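Next up is one chain by itself, shown in structure tokens, the form predicted on its own.
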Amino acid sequence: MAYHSQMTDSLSDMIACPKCDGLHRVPQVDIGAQARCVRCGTVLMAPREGAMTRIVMLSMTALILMIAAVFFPFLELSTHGLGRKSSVFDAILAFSDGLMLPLSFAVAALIVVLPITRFVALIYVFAPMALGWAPAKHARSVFKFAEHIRPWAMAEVFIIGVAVALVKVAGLAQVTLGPAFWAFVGLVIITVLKDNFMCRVTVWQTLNARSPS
């Protein structure tokens, strides 16, 4: 038991590279500096000034854009004098009949529900700390959950798939992009910026330091 406790303590200040699994001792990194893996050069830590505030603001902006992206017209197809507008919500409902119902739930979850859940979770975790307060109750569990669902929040994958489909459809009908399309584009850009501002090691260090034991 004592050996196990010593081993756990010795690993508590270690960090594994997400690409090559190389182990490093967690360094002291100044704001604006970077710590890289000595084996493959992957950035391990990159704390930034005001990062938590920026993440909260970007997450709130992403929530607003997501609402617009779901309910506003996404695109309009017109050919031979006939036209039809469609939104993301319409696309989800298109699979809601019969055996296609599970696909409707999957589309809604991957491109709407999970991204929104992750944005709300990040706001819950970062907003109190951005104001200088102690972390919210269960903030560590909520952040762990937000990181767990991150690969499944596929709003950016959806917009890439739509872009590929538009290339094929453009030769058959006239395509007019609606405001929801550009909202989705903005959402993808904001998601990339948000993840770029987030140093996950620093977040865990801050949560552990500020959370009551």
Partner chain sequence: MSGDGMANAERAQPVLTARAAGLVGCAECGHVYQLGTETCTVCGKRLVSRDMTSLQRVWAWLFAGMVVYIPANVYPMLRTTTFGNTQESTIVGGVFELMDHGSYGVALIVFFASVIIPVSKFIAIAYLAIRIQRGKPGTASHFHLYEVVEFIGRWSMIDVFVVAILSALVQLNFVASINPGIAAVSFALSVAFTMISANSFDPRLIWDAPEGKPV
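Residue numbers count along the first chain shown, from 1. For the two forms, the rigid core is made up of the largest set of C-alpha atoms that agree within 1.5 Å on superposition. Everything numeric here is computed off the predicted structure, so don't read it as measured data.
The protein also exists as the form predicted in complex with its partner chain; that form is not presented, and the subsequent description refers to it.
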query	finding
Of L114, M129, A121, V107, the one that lies within 4.5 Å of its partner chain in the predicted complex (heavy atoms)	V107
Partner proximity in the predicted complex: G161 to its partner chain, non-hydrogen atom cutoff 4.5 Å	yes
4.5 Å heavy atom contact, T53 to its partner chain in the predicted complex	no
Contact of M60 with its partner chain in the predicted complex (heavy atom, 4.5 Å)	no
Exercise: A68 in contact with its partner chain in the predicted complex, heavy atom 4.5 Å	no
Neighbours of its partner chain in the predicted complex among 144 to 158 [non-hydrogen atom within 4.5 angstroms]	K144, E147, R150, P151, W152, A153, M154, E156, V157, F158
After fitting the core, C20 CA displacement of 2 Å or more between the shown form and the other one	yes
Distance direction in the predicted complex for the C-alpha atoms of P18 and Q205, relative to the displayed form (3 angstroms or more)	closer
Relative Cα spacing, K19 and Q205, in the predicted complex - shift of 3 Å or more	closer
